[in-house]
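There is one chain below, alone, in structure tokens, taken in the form predicted alone.
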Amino acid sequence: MASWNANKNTQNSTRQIVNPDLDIERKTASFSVERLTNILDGGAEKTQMRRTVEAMIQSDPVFSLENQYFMSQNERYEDAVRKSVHLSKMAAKMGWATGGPELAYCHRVLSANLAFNVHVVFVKSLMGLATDEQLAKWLPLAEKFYIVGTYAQTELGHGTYLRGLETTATFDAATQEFVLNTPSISAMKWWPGDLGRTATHAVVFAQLYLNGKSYGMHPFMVQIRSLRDHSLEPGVTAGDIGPKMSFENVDNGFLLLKNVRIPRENMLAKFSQVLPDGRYMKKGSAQINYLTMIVVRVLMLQNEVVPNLMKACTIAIRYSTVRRQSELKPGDREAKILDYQTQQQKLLPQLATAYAFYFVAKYLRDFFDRGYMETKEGKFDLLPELHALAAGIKVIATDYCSAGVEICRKACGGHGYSLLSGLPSLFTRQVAGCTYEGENTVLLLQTSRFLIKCLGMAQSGQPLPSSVAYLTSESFGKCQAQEKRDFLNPDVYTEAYRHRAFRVARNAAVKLQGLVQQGMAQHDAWNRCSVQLAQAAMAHSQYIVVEKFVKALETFGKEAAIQRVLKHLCDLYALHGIFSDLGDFVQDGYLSTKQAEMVTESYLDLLAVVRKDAVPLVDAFDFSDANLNSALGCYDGQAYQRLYEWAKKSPTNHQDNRIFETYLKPLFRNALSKL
């Protein structure tokens, strides 16, 4: 029986009474919740630091989220700016370094309620694309928010397809300036965050033209608003794009440029530059401009996508423990809805998914850090693999986590539809991740292009990058499982995912090659195979997630209880994937019908096993009540009282009687003489 650290929840509800249905779940945890929290944080010291920072944030009334659900879009934006400026002052006072852990912990609590979100991307793009001289000029100003920047790449008519961008930057050798234009309506920048009302500067991506010749997309630093009065600079038209499905705190904007001139030195020139005489000089890989996009994809998984699913699981599982509905056994009291297998089937795979993507996101971050260091040394060998991994994992993570948050919301019944549950806001933010930083279908096809290339390398005997080494296999044969418990062996289900990934990729490649050999143009053949190519990229990404989760288990060999509960989650994640896509594994006979039945039985058995630790597993995420901002998901489990208390705060319950007097009173008078 695991002990519980009673001091860890000082940030949570101050109510004295914890719902006994939740309390008993915590007392029967099979592992140390505190230890698992430390693992997720990266160590006990980091947990302590995070809690200290979060306590500071949550004790400051400026950072309160109390009335967030009742605010208009303009109020949310102003509140976000107020919080961001206040946080900047607090960070300066405390001596917190930009990019340091303290500010990361602040963003863990406040990210959905801060302005200047894309300013972070702006800073990272400077660090990745600017020369030392350029960094010395702009980075100190950006880090202190003396200038606020945005990352202006996406256009009204073009998103992921970077070569199609229409914005132009033409070099004028006579004045030593670049002249920037958005030559058509589809060329205007559209969607960049912080652009609508805030940013003073932008990293603008444009097609570089020298003496009438295009040299492709390059980044330029452009001032778009005055630092004196915030008016738009000459030739600049900008504004907010209007209401969105979510992100009310972010001023997504549009930007048109008409003969906007900037100095030659404003082209970010770490990897290529234009010399004073107009000659072009390249200093690195043409793929380097993808580096900023890759880091954003990596960070969004760690900082937004995975934590949002963790929050949704915390809310839904806690609520499903205190919500009682119907009799499970005739004559007994109403049962916890989490005790119903159908509810477990909804929620527990989402819990397993949250842990799976935590570990794969950590792997991807480590891989990126290694690739980034090599890039700084002028080595670009890892970039293709890194790009393919980041694209594929971004797709599967945003796809699965978006679906997972919505499953959690629906699993809470009618109360999940209330904004006060916190779940609708999580979903509308989460689902945007399927589009921004690369539309998912486009990214799948980019990953599949890498897979097809690697298959060709394997056929010619060339060595392959580690993530696709399995493509050298001739055949994986048939599944060797003899009984259902064999499917709890990570080697068995990892092999199944590897086989599926290899088969789907090989079949897509064979079809593609066949069409080309029949005389079809390469681009037409690619389009004809694109559905199967996307499936291959998804199967590859699913294999990577399972493989990295299994690999992570090996690091906990000396912690039996932790390793056991994480293995249950790994088993559940993997078997749920096979159970959900049985056709993929049975199609070529890799799994027999009998083995498919074994998978189903093992998967359903696991639901009851993971159910026992469901509440401790979400408690290990260690989200405070203020962070969750959910009437349903608070630590004390007093969901009904909190829903009622929060509902009473709605402005509609305190407004005047104008609507009655204007519209309803004349109608109701007609009933006075008849009732």
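The term rigid core refers to the maximal set of C-alpha atoms that superpose within 1.5 Å between the two forms. These numbers come from a predicted model, not from an experiment. Each residue number is its position in the shown sequence, starting from 1.
The form predicted in complex with another copy of the chain is left out here; the points below concern that form.
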item: Stretch from 383-391, 293-301, 91-99, 186-194 whose residues place a heavy atom within 4.5 Å of another copy of the chain in the predicted complex; value: 186-194
item: Exercise: H523 in contact with another copy of the chain in the predicted complex, heavy atom 4.5 Å; value: yes
item: Contact test in the predicted complex: D366 vs another copy of the chain, heavy atoms, 4.5 Å; value: no
item: E265 within 4.5 Å of another copy of the chain in the predicted complex, heavy atoms; value: no
item: Contact label in the predicted complex: E327 to another copy of the chain, heavy atom within 4.5 Å; value: yes
item: Listed residue that, although another copy of the chain is not shown, lies within 4.5 Å of it in the predicted complex (heavy atoms), from T170, T428, T555, Q273; value: T428
item: Of T494, Q563, Q532, S473, the one that lies within 4.5 Å of another copy of the chain in the predicted complex (heavy atoms); value: Q532
item: Heavy atom within 4.5 Å of another copy of the chain in the predicted complex - qualifying residues of 359-374; value: none
item: Core-aligned C-alpha movement of D491 between this form and the one not shown, 2 Å or more; value: no
item: D524 C-alpha shift between this form and the one not shown of 2 Å or more, rigid core reference; value: no
item: Large Cα shift (2 Å or above) at A136 between this form and the one not shown, core-fitted; value: yes
